[in-house]
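Take a look at this single chain in structure tokens; it is the form predicted on its own.
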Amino acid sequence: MTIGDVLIIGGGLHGCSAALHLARRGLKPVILERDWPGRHASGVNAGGVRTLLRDPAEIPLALAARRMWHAIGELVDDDCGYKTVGQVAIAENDAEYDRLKARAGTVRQLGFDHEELIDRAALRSMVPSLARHCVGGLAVREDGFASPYHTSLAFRRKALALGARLFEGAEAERIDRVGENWRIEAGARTFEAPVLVNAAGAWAGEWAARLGDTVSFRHILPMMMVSERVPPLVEPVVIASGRPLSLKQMPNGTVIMGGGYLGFGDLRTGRNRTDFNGLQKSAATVAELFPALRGARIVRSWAGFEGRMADDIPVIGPSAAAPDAFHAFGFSGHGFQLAPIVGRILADLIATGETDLPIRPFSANRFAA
């Protein structure tokens, strides 16, 4: 039997971030991963480090996380491929621009000033290659992107260096409360600890239900595709405000595209596949908005399992039904940027019983009614 201070189900980015911050506090976390870190959403997402267009409840967490991203090397001894290039949501017509203008006003009323409404000329200066019909946008110049796979490896590596233990290929099969400990059986191995963290990604809804928490949750498979290398085309990350699109150019010249079309997958086997009809629609959007990419070849596409909540914001914090159990899941396709701060929040809650960030909107029991 393996005994630790905290058992973490899920060795993705959020699980490894929790382990890292717990180990920094002197605790001994044990991570159980059914595959290997970065296998699913943590390693195959778009890599956006985005405070732009966050749900109002997420803004304080996103801004705190961005400060950590700007000094990510101090946390994990690796730059994670992070680049501060800015992000911009584009408006293709006046109606979309009016919606972005209203959004900017709402954010200011909430007391935040990180989002900047820009007109046609400012958008043209920021993204010269964009189609001429676009009329303006909403920008955050301190946002950026990182490499998901390298980030997952960096958090894993740092957590282990600080004393966390990771068991790959250890799919949790049974969970019990034994005295004041949680006991998990994974194959032939047994693990125990007084505290449990559910960071199981697309599989987290099942574990929440086993703990007695009622959540409105489903799994999705966001798709991405990458082009061949092309000359410098776009510096900031570009988001379309009126249709699915997220696009950025990597330092090596390739362009990564996605933004909402979903693939197919089986949670039981972990296998997935892309939907070529969706990829075709995504490619058509890119070609329309970036004419210079119309002749570029797509060299690879992929999909990754992710958990999505009915209200599109995650569950972060203690279980509403089980003692000494905590959740971090349901990031709905935009959890990558939040991972550094979510790990810190979990460590705060486990070590001290409180955190300095507002997490009430992310409670596990908000769907109970």
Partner chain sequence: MTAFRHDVAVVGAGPAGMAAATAAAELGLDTVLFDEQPAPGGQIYRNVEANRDAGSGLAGLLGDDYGRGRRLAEAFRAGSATYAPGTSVWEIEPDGTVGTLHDGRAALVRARRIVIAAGAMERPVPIAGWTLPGVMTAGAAQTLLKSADAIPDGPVVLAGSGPLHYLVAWQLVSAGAEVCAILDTTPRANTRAALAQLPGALGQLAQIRKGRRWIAGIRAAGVRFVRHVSALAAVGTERLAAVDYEADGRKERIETPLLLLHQGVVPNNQLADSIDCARRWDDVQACWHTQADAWGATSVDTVAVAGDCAGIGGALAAEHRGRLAGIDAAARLGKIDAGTRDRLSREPLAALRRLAGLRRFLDTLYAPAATFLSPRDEVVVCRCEGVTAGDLREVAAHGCMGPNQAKAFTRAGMGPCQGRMCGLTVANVIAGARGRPVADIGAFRVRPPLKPLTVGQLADLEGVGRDIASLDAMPTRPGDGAGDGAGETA
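In this text, all values refer to a predicted model and were calculated from it rather than measured experimentally. Residue numbers count along the first chain shown, from 1.
If you look for the form predicted in complex with the partner chain, you will not find it shown, but the lines that follow are about it.
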property	result
Residue 278 within 4.5 Å of the partner chain in the model of the complex, heavy atoms	yes
Residue contact check: residue 181 to the partner chain in the model of the complex, 4.5 Å heavy atom	no
Proximity of residue 125 to the partner chain in the model of the complex, heavy atoms at 4.5 Å	no
Contact of residue 141 with the partner chain in the model of the complex (heavy atom, 4.5 Å)	no
Site check 149, 220 and 264: each within 4.5 Å of the partner chain in the model of the complex by heavy atom	yes
The partner chain in the model of the complex: contacting segment from 117 to 125, 70 to 78, 221 to 229, 98 to 106, heavy atom within 4.5 Å	221 to 229
The single option of 163, 86, 260, 194 touching the partner chain in the model of the complex, heavy atom within 4.5 Å	260
Within 4.5 Å of the partner chain in the model of the complex: residues from 185 to 207 (heavy atom criterion)	none
